[in-house]
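Have a look below at one chain only, the form predicted alone, in structure tokens format.
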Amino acid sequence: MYQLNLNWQTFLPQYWQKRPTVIRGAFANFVDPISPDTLAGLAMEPELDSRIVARQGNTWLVAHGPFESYDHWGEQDWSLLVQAVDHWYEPVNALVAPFRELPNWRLDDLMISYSLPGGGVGPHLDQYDVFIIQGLGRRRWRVGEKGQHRQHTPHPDLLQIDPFEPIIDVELNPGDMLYIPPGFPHDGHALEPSLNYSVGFRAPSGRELLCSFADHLLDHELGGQRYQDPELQARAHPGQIQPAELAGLRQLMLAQLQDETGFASWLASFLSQARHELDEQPVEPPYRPDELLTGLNEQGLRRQGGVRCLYLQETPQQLFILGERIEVPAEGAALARLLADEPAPSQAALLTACQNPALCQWLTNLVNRGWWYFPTQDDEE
């Protein structure tokens, strides 16, 4: 388990979404949870989102995985980036665990990059909060002030910005960490073969929320009430939309958002949707409750990497998993909260809950969906 040397009570009010900062020695005696060779092997799998970004003089190149080989890229000026490694390679989840002080629904993924000397993606902006942990090697990072920065595309798959004046200019060593809020320009390049771990926290845009909510209304045949104007009067300017009409139409739209129960249920479902491919495999043949109990007596359960499990404080009898609303049996609210809060729930707590046959069957059904599993020794390597 990795111990993060960070005081959240101090960090959040001073830096979160406000200012970038460097945390020296954020992880003492840091040991990489993955090797460059293993990362390169994952990038050969079609299920993972991977890319190589390389620079040849003033020319930028981008190639998308899956990859078959790497030798032809040379010994400098390129990076391999693999998204959502935490969804596919269990050992790296230990590096995500220290960030569980933040809401689960805000966590996007753990992106890992391996860079040869000079490798990087150029100066750019991100619209999410990111903690960049230095692993193997050293990397120089420059971070600029938030403001207006002209963007351009030196390659169709690469969005960069013009050079900027840094407010942070540092070299990171293994275990150091850089936090960058949305909108602050940054640029990093490897000084020697380097591994970097980017724990990203993404917030939805208003456009994403509205599009998803509109789809929800359509899917459930909601919002069919039409605008009414029983007090309509003849007017001298029929081409005019009057303020009272604007207000009435706006209120018709807002009425859908003001259905607190329906809105909260939709929002929790939306926030629990996966943003990347998952290693989601239903159990075949499915477990029986007695088999689940046998497994729980031998070891605990672990939530599959990337499975989003959320709940609403007002409705403890429901879980929201990967966009699906799951009803919780009577007396199961504590178990549901445990499953959502803890990626590796207490073995004793699970055994206690499973003394209730209905809860044991319910938990068995979740495990059979492939959302929770019994870890093996291989998961720790």
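In this text the structure is predicted, and so the values were computed from the model without any measurement. Note that residue numbering follows the sequence shown and begins at 1.
In what follows, reference is made to the form predicted in complex with ligand SIN, a form of this protein that is not presented.
Ligand SIN in the predicted complex comes within 4.5 Å of a heavy atom belonging to S113. The closest non-hydrogen atom of H186 lies within 4.5 Å of ligand SIN in the predicted complex. Using a 4.5 Å cutoff between non-hydrogen atoms, W141 counts as a contact of ligand SIN in the predicted complex. Using a 4.5 angstroms threshold between heavy atoms, D126 counts as touching ligand SIN in the predicted complex. The candidate stretches are 132-140, 265-273, 146-154, 233-241, and the one lying within 4.5 Å of ligand SIN in the predicted complex by heavy atoms is 132-140. Distance criterion of 4.5 Å from any heavy atom to ligand SIN in the predicted complex singles out N196 from the list N196, Q304, N93, Q160. Residue in contact with ligand SIN in the predicted complex (any heavy atom within 4.5 Å), chosen from C309, L81, M177, L292: L81.
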